[in-house]
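Coming up is one lone chain in structure tokens, specifically the form predicted on its own.
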Amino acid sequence: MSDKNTKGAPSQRGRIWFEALSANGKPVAGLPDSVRAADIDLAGKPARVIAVVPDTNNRFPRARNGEVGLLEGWNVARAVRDVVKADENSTEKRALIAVVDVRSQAYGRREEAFGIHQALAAAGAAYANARMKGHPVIALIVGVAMSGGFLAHGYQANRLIAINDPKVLVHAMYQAAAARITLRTVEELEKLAATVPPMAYDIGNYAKLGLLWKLLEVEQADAPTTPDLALVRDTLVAALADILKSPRDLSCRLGSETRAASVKVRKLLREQWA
């Protein structure tokens, strides 16, 4: 998978799936055009859906194609924190559903000058805080989940769910950047990816790492059909039920055979530091 497959016109998948899931919901007002949020009913349970979407008129040019920048980081954090604050004294904590299609964090001088690291950290911390306070957090990966964008929006979820589709990619950086850093060619990295799952970008190899809770087969990832939407909703409901009977940490991501060494190292560290 080369970088050419992630360039071009901004992906609208995040917007499409957000609108499909929130069709009968109540939009959250006061957010910038690049951040969407709505309160919905999920099988009788309240939930808030949040997405970062492209905005060609974004005041920060580096964040016009679906990247998570300054406005996006702070406002995702706000959309999450408002739920936590509103439900502070409630016995039933609203679920948070992050619809993920983010190209990366926004790279730019203005972003660096105004503290993009703080904006993205605020978003990630908001999700983590919500999760630890009992809010079920689910990430639905429908497109690209790349770099700091994914860390800020989605990676702190109790459960990661992805659509099995060639356009669904997950990694720390694009291949051209990885090639420069490792002093290899893109072709060499692709050869490594064939035998080393962590080097690959496709969602199938990512699933082998044990991080996904479910990998879904849909008919039309770019234009979900009624059965597609029903499948995703049913999976979200099942994830919600699974979360409510499980620990609030992210230990569920260590269940794959490929993570056996990670489990062993964590066990030994706990024993030594107990």
Partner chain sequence: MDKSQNLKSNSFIELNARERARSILDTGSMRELLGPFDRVTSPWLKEQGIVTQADDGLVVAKGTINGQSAVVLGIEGSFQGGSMGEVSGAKMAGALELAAEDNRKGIPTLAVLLLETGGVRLQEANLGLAAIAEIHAAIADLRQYQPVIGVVAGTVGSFGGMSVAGALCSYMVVTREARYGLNGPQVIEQEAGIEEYDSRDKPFIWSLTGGEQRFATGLADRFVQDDVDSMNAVIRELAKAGVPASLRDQRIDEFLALLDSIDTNVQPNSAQVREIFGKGVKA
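Numbering follows the first chain given and starts at 1. Predicted, not measured: the structure shown is a model, and the values here were computed from it.
There is another form of the same protein, the form predicted in complex with its partner chain; it is not shown, and what comes next is about it.
Undergrad: Tell me the stretch among 235-243, 63-71, 219-227, 45-53 that has any heavy atom within 4.5 angstroms of its partner chain in the predicted complex.
TA: Careful reading of the contacts points to 63-71.
Undergrad: Check Arg184 for me: does it contact its partner chain in the predicted complex (non-hydrogen atoms, 4.5 angstroms)?
TA: Judged by the heavy-atom cut-off of 4.5 Å, Arg184 is in contact with its partner chain in the predicted complex.
Undergrad: Is Ala9 close enough to touch its partner chain in the predicted complex, meaning at least one heavy atom pair within 4.5 Å?
TA: No, Ala9 is distant from the partner.
Undergrad: Using a 4.5 Å heavy atom cut-off, state whether Lys93 contacts its partner chain in the predicted complex.
TA: Lys93: no contact with its partner chain in the predicted complex.
Undergrad: Please run the contact check for Ala261 against its partner chain in the predicted complex: heavy atoms, 4.5 angstroms, yes or no?
TA: Yes, contact at 4.5 Å.
Undergrad: Looking at Ile138, Val83, Val170, Ala162, which is the one with a non-hydrogen atom within 4.5 Å of its partner chain in the predicted complex?
TA: Contact residue from the list: Val170.
Undergrad: Can you tell me which bits of 109-125 touch its partner chain in the predicted complex, meaning any heavy atom within 4.5 Å?
TA: Heavy-atom contacts to its partner chain in the predicted complex: Arg109, Arg110, Glu112, Ala113, Phe114, Gly115, Ile116, His117, Gln118, Leu120, Ala121, Ala122, Ala125.
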